[in-house]
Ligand SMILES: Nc1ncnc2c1ncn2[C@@H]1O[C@H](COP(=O)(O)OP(=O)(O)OP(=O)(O)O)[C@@H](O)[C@H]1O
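Given as structure tokens, the chain that follows is alone and in the form predicted alone.
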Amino acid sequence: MFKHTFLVLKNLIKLNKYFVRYKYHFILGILFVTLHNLFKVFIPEYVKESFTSIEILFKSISSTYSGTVPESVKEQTLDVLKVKGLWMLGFALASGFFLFLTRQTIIVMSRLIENDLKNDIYKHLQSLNLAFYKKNNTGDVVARMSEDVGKVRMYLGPAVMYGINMITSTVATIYFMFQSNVELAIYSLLPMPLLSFSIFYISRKIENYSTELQENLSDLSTTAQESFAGIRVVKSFGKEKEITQKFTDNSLAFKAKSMQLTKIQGLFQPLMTGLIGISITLVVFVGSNKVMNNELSVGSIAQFILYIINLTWPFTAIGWVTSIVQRAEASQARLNELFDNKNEITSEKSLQPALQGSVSFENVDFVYPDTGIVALKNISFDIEAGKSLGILGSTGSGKSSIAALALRMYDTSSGKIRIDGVDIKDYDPQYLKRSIGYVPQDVFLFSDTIKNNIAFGVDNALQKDIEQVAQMADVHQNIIDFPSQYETMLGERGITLSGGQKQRVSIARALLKDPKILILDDCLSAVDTKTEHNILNNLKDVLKARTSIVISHRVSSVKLTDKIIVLDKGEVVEVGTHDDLLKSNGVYKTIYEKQLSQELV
């Protein structure tokens, strides 16, 4: 049992720093809930005194008077009841007031911690490198940020509040019970060992089901996220029925596990009610015998019934609180998995010098850490500052891997990459990314205005600068044709625009940064040859003013660069200018002639 408790604390103990952060809320909450229970536990004592006063008065009446009771005696009895009643009302109001303050401290604290926890998770996720996102799907990550954090908040707020309430109420009530009558207190508490054992057994089941339930929820979230993100593919293949069935299957699995958890949780309430009923029965039976033998007053029986009722919620809450803690433990374990992922792309020196733009790859090998796929083998090339390099190759030849390494999205498996003669690992990673303009093949646009998408990498960008780079990317005319022009809101992932328009907006976004190094990663694949020609002509001056790496499977995109390397299966097979490579009658010329014939057709 202690080992199990330690394992629970092992996951939840990482939340202690948040309790320390909001220690005043926490301490005041403990104080208020203690006062709430102290005032509440005084009430049964006054109920006992009220019954005892009435009992004494009636015994006196029965032995002194016959027939009608005098009005003075009735008034005396009512005066006693009024005083006792006012005391009980005062205690009840005070108890309720401090319960209100308890919620204003502990529940508020849980909301503050929930906010901090979500921000910490989001900040941590932003710091992780691409390898993490290759291994973890978006739906699962989102489920952890929403559902798992929600379960943890229930532990931080209601579970903590009612847990403290349960402890203070139980301790105070049991203390007053033994102060009042030891024998009745023992009979009242006889069913409690059975209660403790039952709670322990059921809580183990809840923990197992809670962990499985959260995993099912992640699967459900992932299916929903992927189906909506890929709705165009689903619609174009007519797979709505199959996708719906997959979601239904995941939903049924989630429902089945939820039902199992609900059933095991459903054992708590009947169990608590039954055991509390046994306690009341024992008190009434034993107490009645003592009353008949003049060993106990009727008020004492009423007092102990109220004590047991006071214990009903704390002991009933054991099951509810235990359930919350077990689910929070399962969720916090999943959150801890996120926090345990560390970004390996770090730098000891964190240099941030002004870049000139020369780039060199020296015998670079690269194997993707998440899949083990060999992407690059012994790659070497140099680009002088202000010069351009074209990288040509078919799909899977390693072109995009070079871009990822130059941005330090990954580290090389062997070999070195230098910028301005300095090892890329010595630069501050975030500074390096901000200094390089990158246009990926897989364009992502945010659900925002076109203007804000272009200005994403530049704070307080001027409208004239935004329009200038849009003209360079040959997308300005498309934008002003929209009714709202640059204020046009884009749908999710830029769905409002065509593939070519999205790529050109992405190019404009990179150009606005005015980077010293510009990487175009097959970013013209979705435009026709004419548009590609217009964009490249517009970019001539831009490319000359900075170091440029143009990656493409089209010869037309790279032929104007100062030097071209041809990749095949992760290796450099040819190097030279466009004219030199045509004269060599190698792979480059073969690709060129094939693409030229396709354009003529």
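We number the residues from 1 along the sequence you see. These numbers were taken from a predicted model, which means no experiment stands behind them.
The same protein also exists as the form predicted together with the named molecule; that form is not shown, yet it is the one meant from here on.
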| query | finding |
| --- | --- |
| Every residue of I373, S401 and Y410 near the named molecule in the model of the complex, heavy atom within 4.5 Å | yes |
| Single option in F97, Y368, F178, F91 placed near the named molecule in the model of the complex, where near means a heavy atom within 4.5 Å | Y368 |
| Interface residue in the model of the complex among T346, Q430, N378, S394, criterion: non-hydrogen atom within 4.5 angstroms of the named molecule | S394 |
| Contact of Q441 with the named molecule in the model of the complex (heavy atom, 4.5 Å) | yes |
